[in-house]
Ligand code: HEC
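Read the single chain below, which is given as structure tokens and is the form predicted alone.
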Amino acid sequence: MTVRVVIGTILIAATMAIVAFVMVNEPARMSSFESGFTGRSVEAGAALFDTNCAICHGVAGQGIENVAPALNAADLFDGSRLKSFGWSGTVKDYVRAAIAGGRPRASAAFAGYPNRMPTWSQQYGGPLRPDQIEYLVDFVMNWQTAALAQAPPPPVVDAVGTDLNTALPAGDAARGDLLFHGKGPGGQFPCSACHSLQAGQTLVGPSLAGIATSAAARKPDYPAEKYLHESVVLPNAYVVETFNPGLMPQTFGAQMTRQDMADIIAFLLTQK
């Protein structure tokens, strides 16, 4: 009897261990399965798109002028296109509805594309099965990440621009320190990636050690503040000897606010 109890206990423990192992690994297994299924669906959708859709929307979904709009585009996936004509559902639902039901008549929202969109789903008299519609939907949605990554950044309110006579507010050196090191909002100005604050250390651009003193001597009649302002928004106006023009981005005037510029200047003026 004792032996049976021991064996039974061992079997129960082993069963529980196996069940626990399966439970722990199930999410990963399901995620892998789902990823593989989506990949096959996208692949099938690519073939359907090439056969049925590319003739109007372009082989890469870039659209064809006066024929059909772009599908591989940020304004589709960020919702701005859908908002323009009052669609309140998800992007995926819109893509599915547009493919399945088509566009039987010209739309004021797409006045530049007068051709009707065919009905593709068998549910509405078209040639494709429901699963084929889903393949096409998955293929189009597969463009989302890349399309959004290529979207132009939203315009900066109160951008400093490139006019050196633009009045700047009082600067905050502590905030400028954060911006310089890429730790400000969005981390979009990582100046420290190219400019060291250590004397004699060159990264990509010149070291800014002692820049509060040297900036005032770089250009005649330019105080340090004006030189630093110009160096950020018009970096090719004066290029430090031994360095080449074009190394520094030319777009900070459109990306920075007047306060950003003032704060970075205030920080650099502490580097004596």
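Values in this document were obtained by computation on a predicted structure and should not be read as measured data. Numbers follow the displayed sequence, beginning with 1.
We do not show the form predicted together with heme C, though everything after this point is about it.
Student: I'd like to know whether residue 226 contacts heme C in the predicted bound form, with contact meaning heavy atoms within 4.5 angstroms.
Tutor: No.
Student: With the cut-off set at 4.5 Å between non-hydrogen atoms, does residue 117 touch heme C in the predicted bound form?
Tutor: Yes, residue 117 lies within 4.5 Å of heme C in the predicted bound form.
Student: In the predicted bound form, does residue 52 have a heavy atom within 4.5 Å of heme C?
Tutor: Yes.
Student: Applying a 4.5 Å heavy atom distance criterion, does residue 205 contact heme C in the predicted bound form?
Tutor: Yes, residue 205 is a contact residue.
Student: Considering heme C in the predicted bound form, which of 217, 67, 59, 47 comes within 4.5 Å of it through any heavy atom?
Tutor: For this set of options, the contacting one is 67.
Student: Select from 239-260 the residues with a non-hydrogen atom within 4.5 Å of heme C in the predicted bound form and write them out in sequence order.
Tutor: Counting only heavy atoms within 4.5 Å of heme C in the predicted bound form, the contacting residues of 239-260 are 239, 240, 243, 244, 247, 248, 249, 252, 256.
Student: Do residue 256 and residue 81 have their C-alpha atoms closer or farther apart in the predicted bound form than here, with the shift being 3 angstroms or more?
Tutor: Relative to the shown form, the pair is closer.
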